[in-house]
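One chain comes next, on its own, written out as structure tokens in the form predicted on its own.
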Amino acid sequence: MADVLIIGAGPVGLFMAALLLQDGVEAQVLEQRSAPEPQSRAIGIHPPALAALAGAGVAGDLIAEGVQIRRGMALAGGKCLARMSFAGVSDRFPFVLSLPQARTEAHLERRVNELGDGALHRGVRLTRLSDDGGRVSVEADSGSGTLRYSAPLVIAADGVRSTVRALQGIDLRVKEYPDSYLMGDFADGTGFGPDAALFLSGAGIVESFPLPGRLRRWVVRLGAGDATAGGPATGGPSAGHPSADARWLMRCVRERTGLDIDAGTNSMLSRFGVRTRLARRMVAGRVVMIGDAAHEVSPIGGQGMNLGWLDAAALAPIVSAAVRGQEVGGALKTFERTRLRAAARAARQAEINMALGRPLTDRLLALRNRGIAGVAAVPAVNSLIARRFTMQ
């Protein structure tokens, strides 16, 4: 028995739990993974999310460990076309924080354990969910038997392959994109320091972001031939061979940017495609979906994890009020409407980000680069774009 059951102990589920526990709500978190995921994955934390995380008492620790990206640069042909400062996007957090998701989750899990010892249950896989209109009953497989839980409210933060969403039969609006990317983390020998860099190449964009520990993430937009799993014979990355992929990424970065990275320092490598999936609703009876369970958007721009945190921050006071016996039907409808609208807006921004990085002919590349330089030279427009890129 609990006030609230949270399904999923990723960054969004843990943050949701921390917000509720510190407000006196008895929350239990069910997570099917027996241990945290060690990979770096998402790295960017935007100013609105930092403000929300500060409300859960974790922003200070995250900032102390992360890298503060206060400026971005757009480069082409060895020249800097534009610079964008984040100084004006927030009085409190005038930067994007770069920190591997594994470390972010570690800080959030520590906070949850401080607030509610025993609130997090790992190795528990949801198998059944039943909402009778008064309470939600949940069955889960622990590996050694079936566990049963019951709560007035369930919050699903169980990711893009949400079991809760599937059990509830909630439809998705899906849009597939032709874009695909290869990203990897390597030792940083660029001299860019804490700056982010976008290389506008005709063959496709290359993005580069600093990480703690003198590391740097590289993200390469793959071309049509690169997306096949052909390996060195076709010039593209080879599926299932990380060392070959790291060497391919190294060569691609050199060709498109003129910079060298050391493939032997690779610590993470991942290839991903792009799609948008928006749930048609986030509230179904006594079940609420947040984060990737409700909306999956392109990783380009780093909005997904931040969107989930802002979902949680908007939902937490509604849940606390409901637990205290207040009527929250209207508030939940407003929550659903505004957060679905925010997800759709983020998806549109991701489309713009992807379009910026697609391969172009020399003529179109020159036109695009002149346009970017011209727009960036107008302070008011530069500031507006900076705010859009930081989810303000």
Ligand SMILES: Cc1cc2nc3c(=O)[nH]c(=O)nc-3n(C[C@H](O)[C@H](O)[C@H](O)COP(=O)(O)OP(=O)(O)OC[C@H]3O[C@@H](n4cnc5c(N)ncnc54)[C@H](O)[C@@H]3O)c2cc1C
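Keep in mind the model is a prediction, meaning the values are calculated, not measured. Note that residue numbering begins at 1 and tracks the sequence as displayed.
What follows is about the form predicted together with the ligand, which we do not show.
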key: Site test, Leu30, Val124 and Ala157 vs the ligand in the predicted bound form, non-hydrogen atom cutoff 4.5 Å   = yes
key: Listed residue that, although the ligand is not shown, lies within 4.5 Å of it in the predicted bound form (heavy atoms), from Gly302, Gly72, Gly204, Pro210   = Gly302
query = Quick one: of Thr276, Thr257, Ser320, Thr163, which gets a non-hydrogen atom within 4.5 angstroms of the ligand in the predicted bound form?
reply = Thr163
ask   = Hey, in the predicted bound form, is Ile43 touching the ligand, heavy atoms inside 4.5 Å?
value = yes
query = Within a 4.5 Å heavy atom cut-off, is Asp188 in contact with the ligand in the predicted bound form?
reply = no
request  = Although the ligand is absent from this view, report whether Asp292 comes within 4.5 Å of it in the predicted bound form, heavy atoms only.
outcome  = yes
ask   = Is Asn266 one of the residues lying within 4.5 Å of the ligand in the predicted bound form, judged by heavy atom distances?
value = no
query = Can you pick the stretch from 54-62, 357-365, 329-337, 34-42 whose heavy atoms fall within 4.5 Å of the ligand in the predicted bound form?
reply = 34-42
remark   = Checked 1-28 against the ligand in the predicted bound form; residues with a heavy atom within 4.5 Å, sequence order, are Ile7, Gly8, Ala9, Gly10, Pro11, Val12, Gly13
